[in-house]
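Only one chain comes next, encoded as structure tokens, the form predicted on its own.
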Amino acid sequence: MIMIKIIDAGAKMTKVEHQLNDKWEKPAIKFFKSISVRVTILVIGILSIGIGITITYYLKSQNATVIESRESAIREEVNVLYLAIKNNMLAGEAPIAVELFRELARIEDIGDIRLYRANGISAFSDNSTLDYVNSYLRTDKFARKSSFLPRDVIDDENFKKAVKNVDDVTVQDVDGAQKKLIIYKTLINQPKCSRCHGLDHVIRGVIRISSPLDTMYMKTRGNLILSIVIYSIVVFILSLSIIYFINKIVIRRIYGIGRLVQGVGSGDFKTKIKVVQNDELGMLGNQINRMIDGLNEHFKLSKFVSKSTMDHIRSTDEIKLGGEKRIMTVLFTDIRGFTSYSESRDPDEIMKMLNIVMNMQAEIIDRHGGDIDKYVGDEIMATFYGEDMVLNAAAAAVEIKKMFKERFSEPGNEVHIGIGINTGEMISGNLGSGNRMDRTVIGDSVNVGSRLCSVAGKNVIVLSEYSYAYIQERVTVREHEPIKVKGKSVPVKIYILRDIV
């Protein structure tokens, strides 16, 4: 199982984690789009088809076996009845045979039993056979009878088939409301019988036995219903087990990963996944942990590079040495009086103050669309590009100057700032080697901006004539006499920026 573990020396939750616990909610997923439901439906569908086919085959096989068993038993009964009827008829004891048929008809397992002559008329229903025998023997050997069975005439294709083929016929009548097994058993005119009945016919009659199968089918149907009930219970329990398993073993762990990923998106790189099972989700957890470590490293490294460098990394797949020329504005700031300020203070206080100053400047520059290229001691180099690059740089410089006047103007705690701004063609690109690069801007325009910052007095913003040309209608300035800049043969005309109008 994967669970979220706080890797923290104090074992306390971070502010980000508290926010995650407050804000995290399981996503609202439609019922039929839930993984647990879809997997359960799939499994139940497969089980229903597989087990359903198995049960159907089993029940059909069971029914066939039961019918075959019942048919075999009835055939045995028919053979016994056949012998009993034949022996009675050989003795010429028709009354006994009649009484035998009456007794057999009362047995429920046998059902309906009748004897038909070959012409389809029921036997023992009149004296026609007795009259034929007396005529054949030319004597009144057998007295006419007065007790008969009910007269019945059969007109059935299976009966005719048994007479024609002189063979037994079995019929499974299971489609009607009353299910039964019917057997047509031919009574052969054997040599002993032919003494009285003559030799002009092969079949003396056909015994028709109809045995009910309703009880057997009711038991089979009962087994089917019981099987369906048991199967439904098994499927229901199995469905609950699958849903529980998926939710506990899979979904809950996925939610944990989702909670973790949300935390990473909010900047929490301390939370890790505790992997205790070496399964697919465990492997995913290990990969995510490695990803978090990589993101944490990249996040920390991003603090040491400029925004333009990060944008360049995102915009290209391959980082190469080289650059391109473009018109940009560069802004340099340098703290004035920092040396005297630091002489009477301990290093911790100095670094604390320096970090505060740098952080405040960085926030102002970033707010006005600038990008800090580098820090050099107590100096900042920032670049601006775009349509309003000069105006944005000027606005950032004015706000930085105002901030220094408000925060560091007390006697004994005075710190000032000097700012230089220049605009021109610069080379922006990657410098260094294949293993270690630095993305920066270089060129004569950059050097001029740095020189302007050097000549700027306390809380003074110096604009080059090139920058002033872009924003002369938006600012108030004081023109300054041209200054000599190192590397330039001609003095550079500059302006002291007062405010933006």
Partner chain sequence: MKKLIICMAVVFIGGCSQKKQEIFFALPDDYKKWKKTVDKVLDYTVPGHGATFRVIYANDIAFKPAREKDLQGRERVVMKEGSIIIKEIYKRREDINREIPLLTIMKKESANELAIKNWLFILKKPGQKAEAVTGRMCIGCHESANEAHPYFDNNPGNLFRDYLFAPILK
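Positions refer to the first chain, counted from 1. Bear in mind the structure is a predicted one, so any value in this text is a computation, not a measurement.
Not on display, but discussed next: the form predicted in complex with its partner chain.
Contact between K192 and its partner chain in the predicted complex is found at the 4.5 Å heavy atom cutoff. Using a 4.5 angstroms limit between non-hydrogen atoms, S409 is distant from its partner chain in the predicted complex. Its partner chain in the predicted complex comes within 4.5 Å of a heavy atom belonging to D167. Contact annotation for K185: at least one heavy atom lies within 4.5 Å of its partner chain in the predicted complex. Contact with its partner chain in the predicted complex, judged by any heavy atom within 4.5 Å, is made by just one of D155, D348, D200, E343: D200. For the options F338, Y255, Y136, Y217, the residue carrying a heavy atom within 4.5 angstroms of its partner chain in the predicted complex is Y136. Residues of just one listed stretch (232-240, 355-363, 159-167, 398-406) have heavy atoms within 4.5 Å of its partner chain in the predicted complex: 159-167.
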